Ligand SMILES: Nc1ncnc2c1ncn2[C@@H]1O[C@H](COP(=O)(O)OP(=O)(O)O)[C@@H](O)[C@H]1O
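Before any questions on binding or motion, here is one chain by itself as structure tokens, the form predicted alone.
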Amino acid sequence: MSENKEVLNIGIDLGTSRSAIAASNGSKEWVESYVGWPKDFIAQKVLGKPVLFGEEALENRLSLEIFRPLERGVIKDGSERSEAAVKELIRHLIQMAKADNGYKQTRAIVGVPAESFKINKLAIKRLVADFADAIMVVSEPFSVAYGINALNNAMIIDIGAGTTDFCIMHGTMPSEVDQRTILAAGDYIDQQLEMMLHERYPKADFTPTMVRRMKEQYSFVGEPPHPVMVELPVDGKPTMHDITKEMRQACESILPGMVETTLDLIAGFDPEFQKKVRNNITLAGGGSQIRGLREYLEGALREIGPCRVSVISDPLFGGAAGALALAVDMPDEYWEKN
């Protein structure tokens, strides 16, 4: 991708769990979607920073007013504080990408869930406006599709933390009927897993963050490749626990909605091209890394005919890189100027 020294193009994937940026200057950065402000002047003195982000914010959360401002892919509760946190997150991403050095114009494309509320899109545009001269908001699965050139007779299933987004591509910009969002995604798996672990191991002590990390390391569907053993404290003593059954049940809890939505979208597509779509399905997002998911989905979809499901090679930057590619190619007349 050649760089225009006059214009800096950036693509941003604002995620419930992680946010990523890719810029035409070659930068690619990501951060966990946490923002924290020191609670008082003591916290400010100890931390030495006015605001913390990502893993650093989590590690110092006892000293912070901490926010995970994006919930199910939209700004949480629409509050001023959540909007301020999203704006700080955007600022941090752009600074990480060194996206403010000598360019005359900055253009940004931001990915949001496929069925994101209109008011959320407007809020995102407003929050990005201080950092870009031209802005566009697109659906996350569309930006993924653009980045991997899956633009015709293809389906993207983007499994994030807050939402799972679906998009059928047929050689044009996708319309509302080509896209779908369901709320059974990574956070839902976390909630199910945490509930099951509390029920089976009531004396074990763990946090939602620990549960999320267990999922990210050991998630699978179908037959387990090996027992899933984790260390959890019981009365302060590190103790090994077998969570194989709970991990499988939690991960498989998102499958019925995923299969049903995929079948529904394919069934509503032009019947002459349904076979092509079935054989060109790509899983994206962090959830695409669940072991056995690709094979499971292929098997479940065989009830309507042979199909082929693949997994994106770069789940962390797939959305941001696709948004960047779109920004580079986008004709001037499509941009909304500030």
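None of the values given here were measured: they were computed from a predicted structure. Residues carry their position along the shown sequence, with the first being 1.
Omitted here: the form predicted in complex with this ligand. The next part is about that form.
Not displayed here, this ligand is kept clear of G147 by more than 4.5 Å at the level of heavy atoms in the model of the complex. The closest heavy atom approach of Q289 to this ligand in the model of the complex falls within 4.5 Å.
Shown alone here, H92 lies farther than 4.5 Å from this ligand in the model of the complex, counting heavy atoms only. None of the heavy atoms of K121 is located within 4.5 Å of this ligand in the model of the complex.
Just one listed stretch, out of 37-45, 305-313, 281-289, 56-64, contacts this ligand in the model of the complex at the 4.5 Å heavy atom level, and that stretch is 281-289. Exactly one listed residue, out of C167, I159, A132, I243, brings a non-hydrogen atom to within 4.5 Å of this ligand in the model of the complex: I159. The partner is not shown here, but in the model of the complex the stretch 194-230 reaches within 4.5 angstroms of this ligand through a heavy atom at R212, K215, E216, S219.
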